[in-house]
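Below you'll find only one chain, the form predicted alone, shown as structure tokens.
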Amino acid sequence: MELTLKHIAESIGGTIVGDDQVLIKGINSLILADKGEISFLADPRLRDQVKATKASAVIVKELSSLYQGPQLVVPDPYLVYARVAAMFAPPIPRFPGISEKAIIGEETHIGKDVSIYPFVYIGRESVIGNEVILFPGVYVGERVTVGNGSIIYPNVTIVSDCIIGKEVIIHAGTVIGSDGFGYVRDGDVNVKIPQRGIVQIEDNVEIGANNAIDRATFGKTLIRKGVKTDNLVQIGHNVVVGENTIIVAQVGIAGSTTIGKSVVIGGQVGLTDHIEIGDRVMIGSKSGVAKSIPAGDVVSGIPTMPHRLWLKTRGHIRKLPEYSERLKELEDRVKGLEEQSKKGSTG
């Protein structure tokens, strides 16, 4: 597929400086781009690469004198890159219709234009919406709903009664609706609490590979619209994740915690149970969150503290050996002064 630079600009906005009829067949980095490809300058530190690039056009925030070819000037080159990349992304492969090797339970409703690969299992009374793609090895339990346009990649498990919204993407190996981690101690014995709730994932959510999202004890574990999770994320029972929140890899969220809207949780963060994280909070990587965080705060550390304070603390930690030596010197000096004072008083 080839598009003119003019067509791209009309689709995403921006101003073209130079030949607007140049043909573009793909997008690439400044270093790797070749003739026929468009690139982008989102980081000012890469200005030197603009001069050397072989790209046929460059997306920029400000016109650059280092590049002599056509330039597409936009307010946010990185955002425009994402949208242009989507234009040239290859289509998702589809199996033509419903495979004879798929197993579909009784009283299940299958929508129009679905793509159901071999070795998919769909339990009874489930609802699969229009244009859904289910890749090989997908397990859909009984009474599950999968909304229109959702894509479920290989070996995903969606346990009974869970609800998946429209245009949801669930990557390979993820488990939706496994039992929440609920036990009561009876002496030395752990007594299991039945997990009778569900998981509901709203529209336009993307779940990374090998996530585990537990069903609720009662009610629902709820992932609201627009949430994006990275790979290897654990979300406990009865957790609520607010709209447009981003959760990076290896995060663990304990049960009954509520995450607000547009929160960003860095990699390897652990959150304890029954706390509330306010809207627009940012939590630095490897943090341990033991209490609720007000809206808008930026925190880091174990336990969490304001991010700037954590940076100062980390700076002091590196100097602890130096501080220890200085403290020992001061103690010795104080001890010497005390001994001199004693001698003077007795003389």
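None of these values were measured; they are calculated from a predicted model. So that there is no doubt, residue numbering starts at 1 and follows the sequence shown. Rigid core here is just the name for the largest C-alpha set that superposes within 1.5 Å across the two forms.
Only in words, not in the display: the form predicted together with another copy of the chain, which the text now covers.
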Looking at the partner-bound form in the model of the complex, is I27 within 4.5 Å of another copy of the chain by any heavy atom? yes
Although another copy of the chain is absent from this view, report whether T304 comes within 4.5 Å of it in the model of the complex, heavy atoms only. yes
Is there a heavy atom of P44 no more than 4.5 Å from a heavy atom of another copy of the chain in the model of the complex? no
Just to confirm, K112 within 4.5 Å of another copy of the chain in the model of the complex by heavy atoms? no
Only one of V144, V240, V168, V251 gets a heavy atom within 4.5 Å of another copy of the chain in the model of the complex. Which one? V251
Residue within 4.5 Å of another copy of the chain in the model of the complex by heavy atom, from D203, E276, E131, D230, is D230
Does another copy of the chain come within 4.5 Å of a heavy atom in each of Q49, G69 and S256 in the model of the complex? no
Partner contacts in the model of the complex for 209 to 242 (non-hydrogen atom within 4.5 angstroms of another copy of the chain): A209, N210, N211, A212, D214, T217, F218, G219, G226, K228, T229, D230, N231, L232, V233, Q234
Once both forms sit on the same rigid core, is the C-alpha displacement of K51 at or above 2 Å between the shown form and the other one? no
Determine, after fitting the two forms on their core, whether L327 shows a C-alpha shift of 2 Å or more between the shown form and the other one. yes
